[in-house]
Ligand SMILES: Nc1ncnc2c1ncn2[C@@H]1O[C@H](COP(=O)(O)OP(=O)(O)OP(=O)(O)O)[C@@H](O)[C@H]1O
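Okay, so here's just one chain, in structure tokens, the form predicted alone.
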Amino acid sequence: MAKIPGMLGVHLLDPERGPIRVGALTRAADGSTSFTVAETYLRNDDRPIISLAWHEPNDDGRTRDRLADRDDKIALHGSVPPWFAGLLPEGALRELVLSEMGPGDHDQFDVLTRLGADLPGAVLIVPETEPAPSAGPLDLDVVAGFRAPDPKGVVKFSLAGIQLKLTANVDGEKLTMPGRGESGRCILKLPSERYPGLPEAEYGAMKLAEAIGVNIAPCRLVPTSAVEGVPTDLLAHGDKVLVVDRFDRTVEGDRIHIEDAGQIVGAIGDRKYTMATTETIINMIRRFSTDHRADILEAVRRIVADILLGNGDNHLKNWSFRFPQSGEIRLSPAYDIVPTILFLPKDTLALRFVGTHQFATVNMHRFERVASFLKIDPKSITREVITTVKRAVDLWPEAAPPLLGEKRAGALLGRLSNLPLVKEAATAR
């Protein structure tokens, strides 16, 4: 079916310099889309980074070539190029968006048109032609000086992930949906019918990870009764929601750019589990982070936490980079730490780690091989592993039951003594 051609302007909202036009995303009548980088952005020697996929540290010539290269900026059959597809919601949130768009032949360009005013990071995508009816019912509002979509319905934003989540703002003791032209400063992770107690389990895992040195996004549990503006059927499967503060938004309402590893490598859909490995993530940190030593050790602590907690869903989209100010690239705080083995007892690591997906086969030698791959001192890596494991063994027996409940804490603590990593750390000096 023929599509209505259209054009979307792609901008980065820089808190200091204001909106910067990066380029345009265009849809043709055959449903194909292409992203063209603006010449003004290419010629800007002080351009903010939109994607590490198109960035070569210390080589602006190669960066320009990557930005101008068309190969990864074209998509067919109603899709948008992989980097932009990585901005779109997945799973239950995607289904909710499509239901609010109503009947019709909606493609990814339509969804991006609809949700472009409130995307992850500092990206603002706004129509430069009249929005097609296939984008669903929406009004236009002013955001950062642009005529931006204001969709009719609950969902005015995009968040990645399979779990149903919404954005909100704190209003006294209440959590309310963002108003017209606003962006939510926190994320609400809602109760699950399929996995009872999921918000509580994720909160417990996040706090246990924090206890052993992982830098987490601030989070808390809030009664569902405190949430306003959300249909009651979306809150019907539990009495708590998990509230996670967004690290891509400030209290003042500014947007801070972020990008997940799935976007960097172009992983779409289930390829977020298969298109790269944990070593790929660590190598990205080594290559791009402006404090890679600190961020590599942070990554090591997260990997250890995943193994000890049985988090089998730390895929590419759960690793992000944050651009807090010009010239600074850092690993973002950790998020989506879920003890999936409590719900799926046979679960495994989402990303392969030095040749294995099995929690029970990760040992100190595999971390040493990572150090060798990165050409860094293996002792610094193994020392961090040992310290992190010992913290868990010391702190979790007391901390886990209040966070997870006796039954779930018992299951999590009971598996620790059987993990090779724990056994090796216990005998290390």
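So that there is no doubt, residue numbering starts at 1 and follows the sequence shown. Here the structure is a predicted model, which means the values were calculated and not measured.
Quick note: we don't show the form predicted together with the ligand, though the next part is all about it.
Interface residue remark: residue 211 is not counted as part of the site for the ligand in the predicted complex, having no heavy atom within 4.5 Å. Although the partner is absent from this view, residue 279 stays clear of the ligand in the predicted complex, with no non-hydrogen atom inside 4.5 angstroms.
In the predicted complex, residue 127 stays away from the ligand, with no heavy atom inside 4.5 Å. Remark: residue 336 counts among the residues lining the ligand in the predicted complex, judged by a heavy atom distance of 4.5 Å or less. Checking 110, 118, 298, 248 against the ligand in the predicted complex, a heavy atom within 4.5 Å turns up for just one residue: 248.
Taking 78, 266, 161, 178 one by one, only a single residue has any non-hydrogen atom within 4.5 Å of the ligand in the predicted complex, and it is 161.
For the ligand in the predicted complex, the listed stretch (99-107, 138-146, 344-352, 185-193) containing residues with heavy atoms inside 4.5 Å is 185-193.
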